[in-house]
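Next come structure tokens for two forms of one protein chain, structure 1 first, structure 2 second.
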Structure 1
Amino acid sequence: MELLANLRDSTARRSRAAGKLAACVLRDPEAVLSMTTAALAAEVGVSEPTVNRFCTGLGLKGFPDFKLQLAAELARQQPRVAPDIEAGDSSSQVIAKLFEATRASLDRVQAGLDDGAVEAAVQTLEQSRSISLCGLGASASVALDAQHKLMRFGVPATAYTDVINQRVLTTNIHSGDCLLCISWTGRTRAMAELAELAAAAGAAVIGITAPGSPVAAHCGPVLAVEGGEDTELFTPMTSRLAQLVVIDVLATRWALLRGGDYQAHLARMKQVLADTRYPAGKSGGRS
């Protein structure tokens, strides 16, 4: 039984002093963490040996051990949105911690990204007649970003971000088509099955995922993305940014591979898009 649940248990047989100590801890467990044995004894009105007997009665070695157990339990209960972010962090602390975590994540992904795999992936994209980009959850937004970037190369590029359409997709792709699977953990069952079905249909399958994972097992070139973020416990943050950078690497290398022809194509595209924007320095408002 958890420590706090034990203290709340009304059926537990406790002395009057132990009951007072339990009530004190339950009122403000955070405050108890900063107390000495003498301070807690004075707060409740009991002796220091009584505090130690209270702790050993709970199966612990004494008050220091009690505080360790209590701190660990409170930490497990603390809602957190990202590793190392604490409930009481200020804006400046959140900024510093998230930027530091992002830089560290990108460094890890860069160190593990094989240039040979990148080159093989770009060659696959160049030779494909269509590109399907698939991601689920936080990776879905990365698939949409990849669509935005890769459709500029003149090859049909479409993002699929729900399981049903992804499964239907596998009945329509064949040899000469490319599927790009995006999965941080590489353990999403639907994504692994999608990669397997696409490979069985003869399509080339590229993975932006964890190496050695179930998804990676069905991919040709695997662009490794292991940045240390546990997205099962925390809201995905740095993982998504790392995936976006890998997409940028692919798009940039592909553009370089295309050379001058792509630059001319990009210039025509810019001209087509020019009429969708107000000239620089204009507000667009009416007087």
Structure 2
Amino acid sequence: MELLANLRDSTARRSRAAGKLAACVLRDPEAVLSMTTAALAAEVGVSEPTVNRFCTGLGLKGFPDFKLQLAAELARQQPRVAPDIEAGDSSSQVIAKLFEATRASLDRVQAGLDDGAVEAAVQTLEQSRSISLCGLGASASVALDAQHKLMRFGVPATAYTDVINQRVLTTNIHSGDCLLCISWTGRTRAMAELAELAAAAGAAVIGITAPGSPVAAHCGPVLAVEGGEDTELFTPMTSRLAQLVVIDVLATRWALLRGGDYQAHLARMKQVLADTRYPAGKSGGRS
């Protein structure tokens, strides 16, 4: 576990040969899997026992063990592919495939998400007087979800899921306000116009949308959520979940930035909610 991260760690004290070996493994980890000690030694230009010492030095049993660990770690981080759902699929097949497809879309969105953009978006939120969340269609529920989430963290935000209300909103926001536009395709006319109007009014506009799209064009920080799969029949819905994770990221990062008081806040909120609930029972009832 964390083998590659370990090798990547530049703070680790390493001998010259070990450094070359680490670099070689990082350069092409897959290739190492089909190499013998001798092959890797030759590749790097060191002796065979050095390769062995390198492995034992990592706390492993030897070179074969090293390859085993490496294979496991590579498999774990290899992006998943969304399986096709077919007409005859049973419930259990649909379950397996849909969960797998969801994981695949998480992989894809995570890969495309720029942490600089996240940081910029959080900064923008931080400095805003008010926050408005807008989404239409499937993204409407995402906007509502975001509103709920931010509220939990003690941040007042308002979701607008109605084209008219969204238009009215643009007449009320100005410099110092923030609009968060959620659009899967990034090509919904109403949303692009909304972003444009808000930007023109001087508001900061954050996009959770497809990069390079009309909506993205009018946004400041753009959190890339590449859609791009309406080709498949069932997948669009799985990938939309990734938008929600992106919002989780924003909310969490912000909460961390603001420091310790949110913890007390969350505890207080839990107390308030507890009164609306039955107490936790014996069988599976958790808070």
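Sequence positions of structure 1, starting at 1, serve as the residue numbers. Whichever C-alpha set is largest while still superposing within 1.5 Å between the two forms counts as the rigid core. All of these numbers come straight from a predicted model, not from anything done at the bench.
I want to make sure I have the labels right. Is the form predicted in complex with the DNA structure 1, or is it structure 2? It is the second structure (the form predicted in complex with the DNA) rather than the first.
Threshold 2 Å Cα movement between structure 1 and structure 2 at Arg53, rigid core reference: True for Arg53: a C-alpha shift of 2 Å or more.
Return yes or no for Glu43: a CA shift of at least 2 Å between structure 1 and structure 2, with the rigid core superposed? Yes, the C-alpha position differs by at least 2 Å between structure 1 and structure 2.
Taking the rigid core as the reference frame, is the Cα of Val246 displaced by 2 Å or more between structure 1 and structure 2? Comparing forms between structure 1 and structure 2, the Val246 CA shifts below 2 Å.
Please report, in Å, how much the Cα atom of Ser15 moves between structure 1 and structure 2 when the rigid core is superposed. Displacement of the alpha carbon, after core fit: 84.8 Å.
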